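In structure tokens, the next block holds one chain alone, the form predicted alone.
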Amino acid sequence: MSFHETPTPIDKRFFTTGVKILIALMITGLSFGLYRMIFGLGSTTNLTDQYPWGMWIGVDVASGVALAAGGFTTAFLAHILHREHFHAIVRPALLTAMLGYTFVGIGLMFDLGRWYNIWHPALPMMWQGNSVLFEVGMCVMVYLTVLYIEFLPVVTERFIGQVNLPGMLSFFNEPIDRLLSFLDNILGKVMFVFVIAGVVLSCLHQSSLGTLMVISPYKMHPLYWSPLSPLFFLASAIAVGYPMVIFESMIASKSFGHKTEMDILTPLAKFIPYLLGSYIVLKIGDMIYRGTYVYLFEGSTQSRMFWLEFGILTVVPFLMLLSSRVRSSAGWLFTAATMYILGVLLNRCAVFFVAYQPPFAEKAYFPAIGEFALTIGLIATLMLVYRVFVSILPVIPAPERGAISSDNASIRIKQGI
């Protein structure tokens, strides 16, 4: 067995300075969230009838869903294509996707006018079969369930034979242990069904998020509206999956004092130019076919945003990752991955509240302080929960795997493993 296949709980001091800062951001953001729950959307946002969707739908939902794509893209690579070398990054990517989608649901609660009705799509009598949002909601709910089922083996591995409840609760030790053993045995036989379901469901709702704006051709800037928007959303989400895994892996390595897994991340980065290049070709081909390239130099906010998110934060990292030197350098690889992640983030924000131009708007939309605070607070909370999970469960590979010699890593990279 390779050392890459032995994840263990992280044994590090929990309350570091960074954790204390995250807790402060979490409390501040969730305070704004509680205020919004009690006093309504108008109390904490700049949303209006002209701009019903703003920062929360662009960042917390649309971007959150896209940036959680590392879960299904990594599962596809390791479990369906059987690229065994990448198994070490599946669990961290799966955890990130599971928590990412969980916080998409939590973020959506703050964005809904009647947040207390968020459970309605779970009832068949409430279904709106002709609504794209209904399809997105159902896919996300089912996919989130699949993600938790996929993560269950990590829990059973950690606690089978180690359930030790204190006092009167010790009566439940044996039944819980038998339940965990039963789940571990069953899931081992049927997990392939959930892996395939997860990939299919992800493709469905990633593309459906792009469909939301297809019905608004006269309210969207031509650089951002296209009948191919569903395909653009899907292609860009698939392309950002591996950059997000690289970004998370390097942040985790730095945070926990581990050596950067370049012997895994460099081969993983070889896939990105193909995926990102396909998205770029689709996007440029659509611009040429529909003649929307004439808006590139009009100097509007939308055209400047397009140059920033597509021209700089999408095309430039693509060109960088064509170089084997960039893919083999931890610093440059992190830079390129971060640039494209920011590109996807700006793209989703542009689509949902920059390119959208309501004909009778009285003023332009800009997020309120409460919207910024809650978004930052949710991200801080997600990072804290991630740290709790990796401190308790075997998600991150054992530190000693980082002891691989640079010579061996270099040989494997050159061999394209």
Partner chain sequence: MSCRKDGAKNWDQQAIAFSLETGKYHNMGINRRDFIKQLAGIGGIALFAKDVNVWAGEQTTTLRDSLGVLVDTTLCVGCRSCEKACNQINQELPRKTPQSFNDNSVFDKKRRMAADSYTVVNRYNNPGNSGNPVYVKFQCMHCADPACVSACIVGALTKESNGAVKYDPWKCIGCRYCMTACPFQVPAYEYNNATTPQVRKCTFCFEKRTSKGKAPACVQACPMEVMTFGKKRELIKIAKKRIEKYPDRYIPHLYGEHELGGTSWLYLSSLPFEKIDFPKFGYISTPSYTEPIQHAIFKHFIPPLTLFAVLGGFMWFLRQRKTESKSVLNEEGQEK
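What you are looking at is a predicted structure, and each value in this text was computed from that prediction instead of being measured. Numbering follows the first chain given and starts at 1.
The discussion below concerns the form predicted in complex with its partner chain, not included here.
Considering non-hydrogen atoms and a 4.5 Å limit, which listed residue (K270, R178, K254, K219) is close to its partner chain in the model of the complex? Selected option: K219.
Sole residue of L187, I284, L165, V294 within 4.5 Å of its partner chain in the model of the complex, by heavy atom: Result of the distance check: V294.
Since the partner isn't included here, can you check whether its partner chain sits close to all of V154, F247 and M250 in the model of the complex (heavy atom within 4.5 Å for each)? Looking in the model of the complex, the three residues V154, F247 and M250 all stay beyond 4.5 Å of its partner chain (heavy atoms).
Can you tell me if D263 lies within 4.5 angstroms of its partner chain in the model of the complex, counting non-hydrogen atoms only? Although its partner chain is absent here, D263 would stay clear of it in the model of the complex, with no heavy atoms inside 4.5 Å.
G113 versus its partner chain, in the model of the complex: is there a non-hydrogen atom within 4.5 Å? Taking the distances in the model of the complex, the answer for G113 is yes, it comes within 4.5 Å of its partner chain.
Please tell me whether any heavy atom belonging to R36 falls inside 4.5 Å of a heavy atom of its partner chain, as the geometry stands in the model of the complex. Taking the distances in the model of the complex, the answer for R36 is yes, it comes within 4.5 Å of its partner chain.
Would you check, heavy atoms only and a 4.5 Å threshold, whether F32 touches its partner chain in the model of the complex? Result no; F32 lies far from its partner chain in the model of the complex.
For the chain seen here without its partner, which of 331 to 339, 227 to 235, 274 to 282, 156 to 164 has a heavy atom within 4.5 Å of its partner chain in the model of the complex? Within 4.5 Å of the partner lies stretch 227 to 235.
Across 340 to 362, which residues bring a heavy atom to within 4.5 Å of its partner chain in the model of the complex? Stretch hits, in order: F353, V354, Y356, Q357, P358, P359, F360, A361, E362.
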